[in-house]
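As structure tokens, one chain now follows by itself in the form predicted on its own.
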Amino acid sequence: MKFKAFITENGVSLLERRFLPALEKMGKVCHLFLTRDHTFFLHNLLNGDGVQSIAQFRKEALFDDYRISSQNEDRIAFAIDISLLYRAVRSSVSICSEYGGGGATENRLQIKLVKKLPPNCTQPTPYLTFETKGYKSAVIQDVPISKPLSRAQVLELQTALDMAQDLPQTLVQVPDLNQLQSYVDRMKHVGDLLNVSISKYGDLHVQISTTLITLGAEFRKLLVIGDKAQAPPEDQNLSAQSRSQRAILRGDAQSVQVSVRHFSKSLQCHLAKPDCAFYGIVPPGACLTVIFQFFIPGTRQTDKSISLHCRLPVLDPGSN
């Protein structure tokens, strides 16, 4: 089982400034899944507890001189502490900056899997090692990882990853995540359960209710991808709650109940600097899905080399 690569300048930027800060908010530990063509950061895919997050990169987006081999179809997976990984990347970048100046060929950041014998131990321990080679020196940082997953565990992880790719039939685009975040921050002080409904008309309705107070927000006429429909004219003057209920009765909307804490945590993915986000409900109310879209810099074209999406567990399947 071998893995070795050099992190490109673009890869360092993606990891240090965008994705690792976001993934650290999703959970302390995740699975790093390496294949011949892709790198995945996966939260909660095997235990099913909490928000599932799936960050995927084509190998060219992060690495060059990428080499991987294993007896499991060149697939390697292990658990890693995101905060330790983030710290190692930041430290390596600062070392590169401090000892840099000689050009990329003289100062590159290498990453590889190694086994080392820790002090006072008889069994070697696996590490993900970062090696920063400067003009006259080299700095090595070891990030401890779990024992690599077995063939059966990798197959289980791959199966869970395949299942997590199911897309909702209707997706609505939310271009301003900061506005949505501000609403949810206020709702967190009211209660723990959030009702979310999404219609084929392009409406996203979030509401939290207790015996004393009901607080909600509605985003209307959003861009719809997938199944869409025209909103009936007779509904235009109704309240947001009434419109949502009528859409659900018609089969033009779905509603689920999720944890406010989970919803707020998924919004932390804005640290990865997506250009927009899409919300949808996988039928029949199986989970609330958030898909973050990234554009190629300077264009409105989707960057297909990177992707990030979250799946929020449903507390009440709601109606559809």
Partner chain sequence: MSSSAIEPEAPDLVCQLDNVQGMVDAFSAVRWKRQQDAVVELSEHGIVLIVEEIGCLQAKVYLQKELFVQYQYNAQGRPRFGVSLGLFVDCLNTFSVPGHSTAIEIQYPGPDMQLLLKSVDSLDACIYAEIRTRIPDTFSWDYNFEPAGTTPLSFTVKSAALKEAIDDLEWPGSSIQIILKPVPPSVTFRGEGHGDLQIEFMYYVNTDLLIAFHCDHEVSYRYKYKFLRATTSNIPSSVIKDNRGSKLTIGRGGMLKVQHLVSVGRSSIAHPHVDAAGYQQPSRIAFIEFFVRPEEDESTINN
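All figures in this text were calculated on a predicted structure; none of them were measured in a lab. Numbering follows the first chain given and starts at 1.
Absent from the display: the form predicted together with its partner chain. The rest refers to it.
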> Quick check: do 182, 215 and 238 each get a heavy atom within 4.5 Å of its partner chain in the model of the complex?
Replying inline: yes
> From the list 221, 147, 87, 151, which entry has a heavy atom within 4.5 Å of its partner chain in the model of the complex?
Replying inline: 221
>> Between 225, 187, 128, 164, only one gets a heavy atom within 4.5 angstroms of its partner chain in the model of the complex; which residue is that?
In response: 187
> Even though its partner chain is not shown here, does residue 207 get within 4.5 Å of it in the model of the complex, heavy atoms only?
Replying inline: yes
>> Is residue 120 part of the interface with its partner chain in the model of the complex - any heavy atom within 4.5 Å?
In response: no
> Should residue 230 be counted as a contact of its partner chain in the model of the complex, where contact means heavy atoms within 4.5 Å?
Replying inline: no
>> Just checking whether residue 71 would be counted as a contact of its partner chain in the model of the complex - the rule being heavy atoms within 4.5 angstroms.
In response: no
>> Heavy atoms within 4.5 Å of its partner chain in the model of the complex: which stretch in 189-197, 120-128, 75-83, 151-159 meets that?
In response: 189-197
